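One chain comes next, on its own, written as structure tokens: the form predicted alone.
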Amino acid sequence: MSDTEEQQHLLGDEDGEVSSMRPKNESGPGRPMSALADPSRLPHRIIVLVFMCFLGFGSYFCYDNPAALQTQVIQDMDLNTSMFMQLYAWYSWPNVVLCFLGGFLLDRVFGIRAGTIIFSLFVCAGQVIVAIGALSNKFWLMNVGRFVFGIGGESLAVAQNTYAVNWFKGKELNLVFGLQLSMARLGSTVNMNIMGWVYNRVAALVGSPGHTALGVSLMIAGATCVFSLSCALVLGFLDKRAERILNKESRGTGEVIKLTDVKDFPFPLWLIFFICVGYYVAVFPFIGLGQVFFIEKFNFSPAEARAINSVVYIISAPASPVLGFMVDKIGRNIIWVMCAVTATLMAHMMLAFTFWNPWIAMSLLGVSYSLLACALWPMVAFVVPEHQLGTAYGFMQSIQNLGLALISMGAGSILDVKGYLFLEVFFCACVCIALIAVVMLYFVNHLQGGELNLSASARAELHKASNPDSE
């Protein structure tokens, strides 16, 4: 029966067995539960999915508030670029550690429902502190707010993924992850294109631009975090209700973290780490500084600069699920990663050394950014055993955040001293490091007979041969 299959997907039963008991009807015995109210049926889970997707909307919307208001933040708070980039560095610092602890806190300390609400509260509190710092013209307080915001931001993403596994483990899970990623990119895109308008409206109301207008604008942006907190509360209620009706237990994150596993990591995994850090430090800090770059070099208006600076996120929203499906069907992950890194290097070189229309380079950067995420992160599962996956992904995210924190501050200093051309050369050098690591990974994988660059069909045959009893 379809209801039984849907209940199996919801429960995520590894043995494929589902209780023969029908869901309890809260309105009384003998009355069939409507599809919208029955947690084992698809219509109800679609409602849950809507709240699940909006759970991280506020976090992603506010993460890039500084990028959307780069000119205003620097002018109103009387900063140089190096100080401005501290807003991104202070977000990343807590996540150097919390990438290891977030899953543990959700599994063993708070539980998924309370943990999600707590991390949402951190996001809200952090954004409010940032806004108060701007209102009171205290930049150090804005940095404190970004630190608090960072405590909740990354861990909230872990909680969002855990909810997805709890409710959609089965054939819908990949689609759900794609929809969540698209919603995250939508939040970033809306922020990039609306916050400048919000600031201008607030400045007109208060009489003039300044730190007061900036603080009020950031406080208004915090409304998206409050909205996401309300989604966390609704999700907690719906998950508790489903647990009671279906007699199910909430699953954990599945992230088993053992730092002693680090010494056993194979050489290909360390190359993947180098690729990750070398690539992402040339993308996110660039977006954080991109608005003024497009204004100064290409004479764009602030609105046009914000629009083109959001192209990477606009493209990523629809492209990530499509490219992920393509990589799944074709395989050859290393080749795709090499294409993505090479395309990103070309994009940065176009921005640095030519005056071509920057929409070309930014569109190329958006596609390559989406492609790399689809091809790089799954490779971790191919080179480490399952019991080390939590540690490997935690370590990968940790060093990524460490790299982003350091490079964010370094990029601001380079821009203050040398200018945008030298900064773009620096980003090209970072991507070159990633490209060298990709080439090394290709040859190491070839010499070791690894499966990172196998076709999808060859990889399936290999898994079938090594696990003849698996389905």
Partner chain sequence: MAEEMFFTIYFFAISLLLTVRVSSNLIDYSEIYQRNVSLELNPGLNSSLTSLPPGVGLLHARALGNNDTLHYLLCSLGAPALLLVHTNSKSSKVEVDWPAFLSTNASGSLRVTPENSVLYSNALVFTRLWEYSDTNDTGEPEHLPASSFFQPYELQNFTWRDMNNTLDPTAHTAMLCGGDGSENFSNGSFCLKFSAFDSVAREKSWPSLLHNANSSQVRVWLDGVTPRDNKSRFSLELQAVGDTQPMTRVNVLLSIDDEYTPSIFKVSQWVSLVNTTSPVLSYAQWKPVAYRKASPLFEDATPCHHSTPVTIAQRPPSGLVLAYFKGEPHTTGLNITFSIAGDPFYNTTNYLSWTVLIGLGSPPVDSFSPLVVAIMTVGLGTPLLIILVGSACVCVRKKRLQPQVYQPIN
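Numbering follows the first chain given and starts at 1. Model, not experiment: these values are computed from the prediction.
Just so you know, the form predicted in complex with the partner chain exists too; it's not on screen, but the next bit is about it.
**Q** Tell me the stretch among 59-67, 43-51, 401-409, 419-427 that has any heavy atom within 4.5 angstroms of the partner chain in the predicted bound form.
**A** Selected stretch: 419-427.
**Q** Considering non-hydrogen atoms and a 4.5 Å limit, which listed residue (Met338, Val383, Leu87, Ile315) is close to the partner chain in the predicted bound form?
**A** Of the candidates Met338, Val383, Leu87, Ile315, Met338 is the one lying within 4.5 Å of the partner chain in the predicted bound form.
**Q** Identify which of Gln75, Ser301, Asn357, Ser136 has a heavy atom within 4.5 Å of the partner chain in the predicted bound form; exactly one of them does.
**A** Selected residue: Gln75.
**Q** Residue-level contact is defined here as any heavy atom of the residue lying within 4.5 Å of the partner chain in the predicted bound form; does Ala242 satisfy this criterion?
**A** Heavy-atom contact with the partner chain at 4.5 Å: absent for Ala242.
**Q** Even though the partner isn't displayed, in the predicted bound form is Phe325 close enough to the partner chain, meaning a heavy atom within 4.5 Å?
**A** The answer is no: Phe325 has no heavy atom within 4.5 Å of the partner chain.
**Q** With the cut-off set at 4.5 Å between non-hydrogen atoms, does Ala375 touch the partner chain in the predicted bound form?
**A** Ala375: no, not in contact with the partner chain in the predicted bound form.
**Q** Although the partner chain is absent from this view, report whether Thr212 comes within 4.5 Å of it in the predicted bound form, heavy atoms only.
**A** The answer is no: Thr212 has no heavy atom within 4.5 Å of the partner chain.
**Q** Is it the case in the predicted bound form that Ala223, Cys231 and Asn309 each bring at least one heavy atom within 4.5 Å of the partner chain?
**A** Verified in the predicted bound form; spot residues all out of contact, no.
**Q** Go through 431-448 residue by residue and record those having a heavy atom within 4.5 Å of the partner chain in the predicted bound form; state none if no residue qualifies.
**A** Cys432, Leu435, Ile436, Val439, Met440, Tyr442, Phe443, His446, Leu447 sit within 4.5 Å of the partner.
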